[in-house]
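Single chain ahead, written as structure tokens, the form predicted on its own.
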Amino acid sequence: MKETFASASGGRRAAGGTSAPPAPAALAAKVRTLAPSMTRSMQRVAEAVAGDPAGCAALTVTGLAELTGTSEATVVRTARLLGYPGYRDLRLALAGLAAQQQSGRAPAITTDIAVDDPIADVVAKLAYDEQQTLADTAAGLDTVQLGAAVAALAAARRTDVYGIGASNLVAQDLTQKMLRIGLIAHAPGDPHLAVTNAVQLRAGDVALAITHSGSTGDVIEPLRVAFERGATTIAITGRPDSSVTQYADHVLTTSTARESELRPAAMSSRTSQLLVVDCLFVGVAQRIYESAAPALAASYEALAHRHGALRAGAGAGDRRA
């Protein structure tokens, strides 16, 4: 059995390679993702750099601390939490982000959905939110971690995927895709079954947990069991500093739109999780293309007659109409 993490940033994940600092375009996404888990003083720093990147890029660490009413240590801790080795690296990212904004990027629009919004406005606001969520997730996705996760999935004897509620729908989506290319994958919806399945995992297997909050006990428990049994573990979460990452060899961070009464977090988290799942699937299919392509063709052929019958039925219905 493998040793348990001493901290979320250490342990087995160190063997997966060092992550590069986020690109400038990912900074705002990082702030939106991490702000809820920050202290209030760190939130002030994060909100300042995201709100006025050009102004903050011109400030020293002391100047930014004075502007936000915090300390130099808080500024440095915030920079590191956002993924930068130090404040100097954050300033460079801020300068890059400011340059991008000055190049003519459209300002953000208010996307809160009101009870009396016309349906056309609802469509426009949801579409904008979905696009922003996908862009933020893509900008903040650690491709080193993604590549390592893809390699593990492609080589796995078996993969278990854990998720509860909306996240279980995403788990089912991934396992169905993997089955289509000839890989063994399960997404148990029952949390007790997830744990009993995890007990059977070992080195060479993969366990993947999907939880936006990173604190869902019914997802963390089977991942912990799989981790202790020696399986390679992956977490897809919106909180990279959350409990689930203690048992994850590879962490893939998602972004979400701001939660509102008519747009719960599960809606936007599902969108970003599906993007990460699609990236994993395509990456795996690329790696095992020689076996994946015939498997996809065979599964398509097995269902072709059903699609044909449906088309024929639709045609008959049209004629009857």
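Rigid core (definition): largest C-alpha set, two forms, superposition within 1.5 Å. We number the residues from 1 along the sequence you see. Because the structure is a prediction, the values reported are computed rather than measured.
The protein also exists as the form predicted in complex with the DNA; that form is not presented, and the subsequent description refers to it.
Novice: So, a 4.5 angstroms cut-off on heavy atom distances: do all three of 39, 77 and 88 pass it with respect to the DNA in the predicted bound form?
Specialist: Yes, because 39, 77 and 88 each have a heavy atom that approaches the DNA to within 4.5 Å in the predicted bound form.
Novice: Among the candidate residues 61, 48, 275, 31, which is the single one with a non-hydrogen atom no more than 4.5 Å from the DNA in the predicted bound form?
Specialist: Among 61, 48, 275, 31, a heavy atom within 4.5 Å of the DNA in the predicted bound form occurs only for 61.
Novice: Quick check on this chain: which one of 228, 72, 130, 121 has a heavy atom within 4.5 Å of the DNA in the predicted bound form?
Specialist: After the contact test, the surviving option is 72.
Novice: Given the stretches 77-85, 189-197, 230-238, 145-153, which is the single one in contact with the DNA in the predicted bound form, using a heavy atom cutoff of 4.5 Å?
Specialist: Comparing against the DNA in the predicted bound form, the contact stretch is 77-85.
Novice: Kindly check if the Cα atom of residue 59 is displaced 2 angstroms or more between the shown form and the other one relative to the superposed rigid core.
Specialist: Passes the 2 Å threshold, so yes.
Novice: Using a rigid core alignment, state whether the CA of residue 36 is displaced by 2 Å or more between the shown form and the other one.
Specialist: The answer is yes; the displacement is at least 2 Å.
Novice: Taking the rigid core as the frame, does residue 74 move its C-alpha by 2 Å or more between the shown form and the other one?
Specialist: It does, since the residue 74 C-alpha is displaced 2 Å or more between the shown form and the other one after the core fit.
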